[in-house]
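What follows is one chain in structure tokens, specifically the form predicted on its own.
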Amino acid sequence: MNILILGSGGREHTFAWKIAKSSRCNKLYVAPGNSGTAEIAENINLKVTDFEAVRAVVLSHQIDIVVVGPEDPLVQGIHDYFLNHEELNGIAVIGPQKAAAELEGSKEFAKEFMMRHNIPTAAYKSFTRYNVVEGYKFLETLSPPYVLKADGLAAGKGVLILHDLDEAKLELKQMLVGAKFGDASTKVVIEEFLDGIELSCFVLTDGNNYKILPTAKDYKRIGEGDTGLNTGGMGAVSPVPFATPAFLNKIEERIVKPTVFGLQKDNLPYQGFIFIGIIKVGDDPKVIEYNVRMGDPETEVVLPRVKTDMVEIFEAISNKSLDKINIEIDDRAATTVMLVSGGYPEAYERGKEITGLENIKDSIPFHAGSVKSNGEIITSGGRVMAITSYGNTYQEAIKRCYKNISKLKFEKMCYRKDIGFDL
């Protein structure tokens, strides 16, 4: 089979690394890809939301499966685009149709879905620039901290957690009136703050059946001890030590099943990954958010633990036979640490040479914001590279990550030295 992965980050390199191991994969392409995918697949330079360009590549390269990495093309309807073009009809697209992708595309849509299907989540109200004063009044009814979420896609940075009421009101105004997050914050969801510890649950569904993948915990804040600005993710651990069998059973019964059956009931066609951000409040799970694709950097610890052939899984999703396959999971823990450009998640410089990759042993470097230029691998983004390791325990795996990170260098390289600190 010829397979095309859309995207350019660590998540997409991890997919490529996993798919390249499959005997079912004939030719593998990544668009646009990065320096890591270039080593195991053919990179094709295109914009993932340019559906006409994607169509041309799919037809000229006789693609059988398209794996959609990021959320933008899904929310913009790439799956529907394939269904609406006769010559693309027989090609499997791993990712939901546009209507279902609104679970990530709109926080309000997701909240309404959860309320409709009795899925436990925080109390909320949504506001626009036209009722911002009502938003102030709603904030006054809540106890700090205050949670403000841009309704639309904001690259993982559209959530603010604030402790001061006046600051919360000011930020609400900046989001709604000042367009702090552009179109993403034309509507803002204000939520009740839930106090607990977070984890990520990943579900595969073919629209009828589902399989639950290993849990993971990621670390969003730039600074040690979960301080500073939110990022796309600074590291991750899998499995999550506090997710006991009893707690995982609650997640499946109260959240996963109502989500999958809710999608069917609401006629929201879904073939692909569901990322469910969960918070453990006491002994109970509640949903923070949905994403309609794999998380990053959670992918870099979840997929390495999946022993089953990834192409076999994708085929089962496309022909709705997910219930017929057994997904085997590696018992070892996996951890990843993200190396980022100095200044990230704010302004940062690109074009810094990365050295030392040849010295890495017993870890897997998943390239993210990096490209090959004149024979050198250089930085091209904020999150540059994820270093993933296995271990009998997450502590053992994390030590291996840091040991290998010490062999890598690029100017102003930053990373968190406390991944797993709260476990």
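When you see a residue number, it is the position in the sequence shown, counting from 1. Model, not experiment: these values are computed from the prediction.
The same protein also exists as the form predicted together with a small molecule; that form is not shown, yet it is the one meant from here on.
Trainee: Report whether the minimum heavy atom distance between residue 329 and the small molecule in the predicted complex is within 4.5 Å.
Mentor: Close contact is absent here: in the predicted complex, residue 329 is far from the small molecule, nothing within 4.5 Å, heavy atoms only.
Trainee: Does residue 192 reach the small molecule in the predicted complex, with heavy atoms at most 4.5 Å apart?
Mentor: Although the small molecule is absent here, residue 192 would touch it in the predicted complex, with heavy atoms inside 4.5 Å.
Trainee: Is there a heavy atom of residue 179 no more than 4.5 Å from a heavy atom of the small molecule in the predicted complex?
Mentor: Looking in the predicted complex, residue contacts with the small molecule do not include residue 179, since no heavy atom lies within 4.5 Å.
Trainee: Answer for residue 170 alone: is it within 4.5 Å of the small molecule in the predicted complex, judged on heavy atom distances?
Mentor: Contact check for residue 170: no, nothing within 4.5 Å of the small molecule in the predicted complex.
Trainee: Please identify the residue among 220, 305, 211, 125 with any heavy atom within 4.5 Å of the small molecule in the predicted complex.
Mentor: Exactly one residue meets the criterion: 220.
Trainee: Considering 309, 289, 72, 108, which brings a non-hydrogen atom within 4.5 Å of the small molecule in the predicted complex?
Mentor: Selected option: 289.
Trainee: Using a 4.5 Å heavy atom cut-off, which of 261 to 269, 310 to 318, 243 to 251, 281 to 289 contacts the small molecule in the predicted complex?
Mentor: Looking at the partner contacts, the answer comes out as 281 to 289.
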